[in-house]
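Presented below, as structure tokens, is a lone chain in the form predicted on its own.
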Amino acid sequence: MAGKINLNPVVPPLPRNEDKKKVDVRYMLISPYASAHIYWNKKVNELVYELEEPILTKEEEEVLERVESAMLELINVNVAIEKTLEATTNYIDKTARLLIDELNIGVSSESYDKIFYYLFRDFIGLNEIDPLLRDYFIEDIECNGIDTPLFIVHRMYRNLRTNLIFNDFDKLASFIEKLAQRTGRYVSYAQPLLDGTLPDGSRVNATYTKDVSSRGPTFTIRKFTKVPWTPTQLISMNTLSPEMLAYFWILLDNKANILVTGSTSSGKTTLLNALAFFIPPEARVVSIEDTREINLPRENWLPSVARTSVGVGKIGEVDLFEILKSSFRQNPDYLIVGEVRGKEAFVLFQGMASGHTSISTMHSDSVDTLIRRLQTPPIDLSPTLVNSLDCVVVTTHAVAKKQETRKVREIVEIVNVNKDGTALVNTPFKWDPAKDVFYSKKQSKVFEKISTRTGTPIEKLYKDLATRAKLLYELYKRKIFGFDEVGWIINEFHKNPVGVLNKFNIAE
């Protein structure tokens, strides 16, 4: 039986319907037991996400309950979880069969299969939401308390209500305790807020008690994409143009400093991961984050994650500020900081000023707001330090052709920040929401800077931009989207550009 569960069913290509009322798709999450059904529900007049799991008879429910409570006393789940998935699955299987024999319960093999699925889900997985966590298309899972449906954010169909509801306060509270346990954190009435990372890298934010959130315990899980989006996938989603990516490629080759900014879940980290493909393969990269989201296609990479304190008194805390200070001793060629919020920005910008190439993200919906944020408390940077930033990329949520999408709204070059805090900027790339097209102008101040610093003629930089844009567009046309494949081609281009261009029939 244990061998029957398949946690990696084929990810289907989902249709993008202009008319949501015509959407009706089903795909497997945990094969052959749990699947997702997305369809237009006439009763609520919206697109909904239904989790379909085996239906148990009353007798099967009773057996499951008896076996689960007996197993809770018998097994140490933590010990079980640390082994391989296969070993743990077999362990649960053996223990369940043993208990069914001992309790003298008669169960048909068909019933046992269904019961085993629930045992697997509740002991190894994360109970009701385990299938959702395994859904490739889900980005966020949101629970707003008891007696209200869970919502998800789907890559294709965006915000959808689900058929999952926690009706019991204690059950939801114990689920939050389980989340805390899996993230290696601790929640209690004294410490009701949970912020942590699940073993698969997903971020969890939860509240434990009623006095913090009125509908009882809540949680939000931002799923970690094990395989990040590649630059060519972003072209296929029309998030940005091949010219924009080629521009970033030249900037990173020439050690420019880039800050990606935008509102919550506008695609900042997704873009950051895609930009990292363009870092030269031999360079040493150090990344620093609060919660693990960055995943790079390279070997010479040192990832670090800040550690929050356990209990009261900030014991054992290692914050971004500390890690960032020590990271400069690790001699990085490129420094990637997941998100800048406070005093660590000062260290980051000093690093930029002293020649450490940096890429980072920050919450802000425009360049003006960003520059103001950098110059006012708690960050409080001087205009000279802000000047070490070369360009700001503004990402945004947008509705284009009736589809919710993420876009790079504009790329803004910082030409000069004056003493009074105002900034002179240049915008080489811009997205036009009315026509859903990207515009570029043939004047880049950063290219002028690079030309002055390296002696490369500016015409050559523009020619390189055109060639690389053609290459990226060609990869997109040939549907070359794989993480390893795209990474390999870009790295190969660093070593042998002519060979790669010839391979794809691109004239220089």
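Just count from 1 along the sequence shown to find any residue number. The structure displayed is predicted, hence computed values, not measured ones.
Unshown form predicted in complex with a small molecule; subsequent notes refer to it.
- Though the partner is left out of this view, residue 431 does not reach within 4.5 Å of the small molecule in the predicted complex, counting heavy atoms only.
- A residue is said to contact a partner when one of its heavy atoms sits within 4.5 Å of a partner heavy atom; residue 229 meets this definition for the small molecule in the predicted complex.
- Residue contact with the small molecule in the predicted complex: residue 264 places a heavy atom within 4.5 Å of it.
- Using a 4.5 Å cutoff between non-hydrogen atoms, residue 406 counts as a contact of the small molecule in the predicted complex.
- Though the small molecule is absent from this view, in the predicted complex it lies within 4.5 Å of a heavy atom of just one residue from 128, 93, 344, 293, which is 293.
- The contact with the small molecule in the predicted complex, taken as any heavy atom within 4.5 Å, belongs to 234 out of 244, 394, 234, 279.
- Proximity to the small molecule in the predicted complex, taken as heavy atoms within 4.5 Å, picks out 236-244 from the listed stretches 150-158, 216-224, 236-244, 378-386.
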